[in-house]
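Read the single chain below, which is given as structure tokens and is the form predicted on its own.
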């Protein structure tokens, strides 16, 4: 019987002082006994509202029942039936808003830690060896997937499991997208990403790296090479700029450049080395990526790391867990503050940041209170490094080199309910269609697009067979 009044079983985590000097994973996961105890709290609702909050509709209620009785392999099969990236989603997705946030127990007691349980299952199976794979009989059709981020990988995995010949084209030197270059190892160890990549390769997916579609090859080139369909999972990965004087000084960089240098250097990829920071470090923004940047700067030895955000803590888009971890590690937060100018130290480098204080006005289009400058409140913050984390715009290279591909007014690719674009045989999903969302949302889009591509290719095959049957 469920012990619904029992408190959540908390995961152990490294002490803050130890974390500050290491990129080792912060949160250490459950033991089998802890996972079974947390799973036993689930009341097995007739309608599993937790699943309503899951983008890929993992059968959460049922796999938790398997965990509660110690059947971890059974739980794994259920999770894997719905998700191509469960070990990753169990770590980095906002399950406190999605699955856990919809838990019925949370209305009166502590919700079940659904994300932590999903992570446990995948970690348990990883210790047993490579993830098992199952493939259908080979099909003759070929599909090109553009982008090896979560949407592209999820689409490629499902298509390969159906038997299609799939090649993923990636502009960067390794697969994984933001999971490999953008999320630090203290949140997402690369062994977890690699285990999923190994599974996808075992399904027969091939990769072509350092190949940017729109520059090295076009979508037309892919069709000319004999591909029957193309999936665009290129993300939204052009960092937004501050748009203020001094932004081009030495010592100002965007979060992508900073995190990619760290992640790739740690993976030994040629041409990348750990960034050298001058203190104090100012991080502009307060989303999940900003927390990753600030916490990484601490680990690189910055004596002082400060987050500057134009709204209050209530409006921060970052997960509360990440904010709490950053504070424990000594990151300072300056709220209701906005930079207006980066000041030169006299040598062409960052010397300080001029800021202005803000107050909250009426809600804007996002529903959050609009920040309004307070006249005459300017002040200067000393700085040696400024790292911006302001979100992303769409890359216009692929749409600009693909005739017949419709985009919206922001530059995102327009798709229909079946993930098809306006260009025959071209499908798209993930951030390139929606703007930046979560890994789980991209995972969902990749799976749904794979189903749509399968339906499209099967319909074409039937059409092609009709004349032959009439002869």
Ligand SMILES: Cc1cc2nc3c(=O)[nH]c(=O)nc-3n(C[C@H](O)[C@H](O)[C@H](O)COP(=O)(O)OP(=O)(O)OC[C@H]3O[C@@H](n4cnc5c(N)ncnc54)[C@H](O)[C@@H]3O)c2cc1C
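Source: prediction; values computed, not measured. Positions refer to the first chain, counted from 1.
Same protein, other form: the form predicted in complex with the named molecule, not shown, and the subject of what follows.
**Q** Any of the heavy atoms of residue 420 lying within 4.5 Å of the named molecule in the predicted complex?
**A** Output for residue 420 is no: heavy atoms all beyond 4.5 Å of the named molecule.
**Q** Please determine whether residue 351 contacts the named molecule in the predicted complex, using a 4.5 Å cut-off between heavy atoms.
**A** So residue 351 does not count as contacting the named molecule.
**Q** Given that the partner is absent here, does residue 442 sit within 4.5 Å of the named molecule in the predicted complex, heavy atoms only?
**A** Residue 442: contacts the named molecule in the predicted complex.
**Q** At the 4.5 Å heavy atom threshold, is residue 431 in contact with the named molecule in the predicted complex?
**A** Contact check for residue 431: yes, within 4.5 Å of the named molecule in the predicted complex.
**Q** Does each of 253, 339 and 394 have at least one heavy atom within 4.5 Å of the named molecule in the predicted complex?
**A** No, none of the three is in contact.
**Q** Exactly one stretch in 106-114, 71-79, 268-276, 232-240 has heavy atoms within 4.5 Å of the named molecule in the predicted complex; which is it?
**A** Result of the contact check: 232-240.
**Q** So which of 92, 305, 284, 143 gets a non-hydrogen atom within 4.5 Å of the named molecule in the predicted complex?
**A** Contact check passes for 92.
**Q** Could you spot which one of 387, 398, 200, 331 gets a heavy atom to within 4.5 Å of the named molecule in the predicted complex?
**A** Looking at the other structure, the residue within range turns out to be 398.
**Q** Given a 4.5 Å distance limit between heavy atoms, list every residue of 259-288 close to the named molecule in the predicted complex, or none if there are none.
**A** Those in contact are 259, 288.
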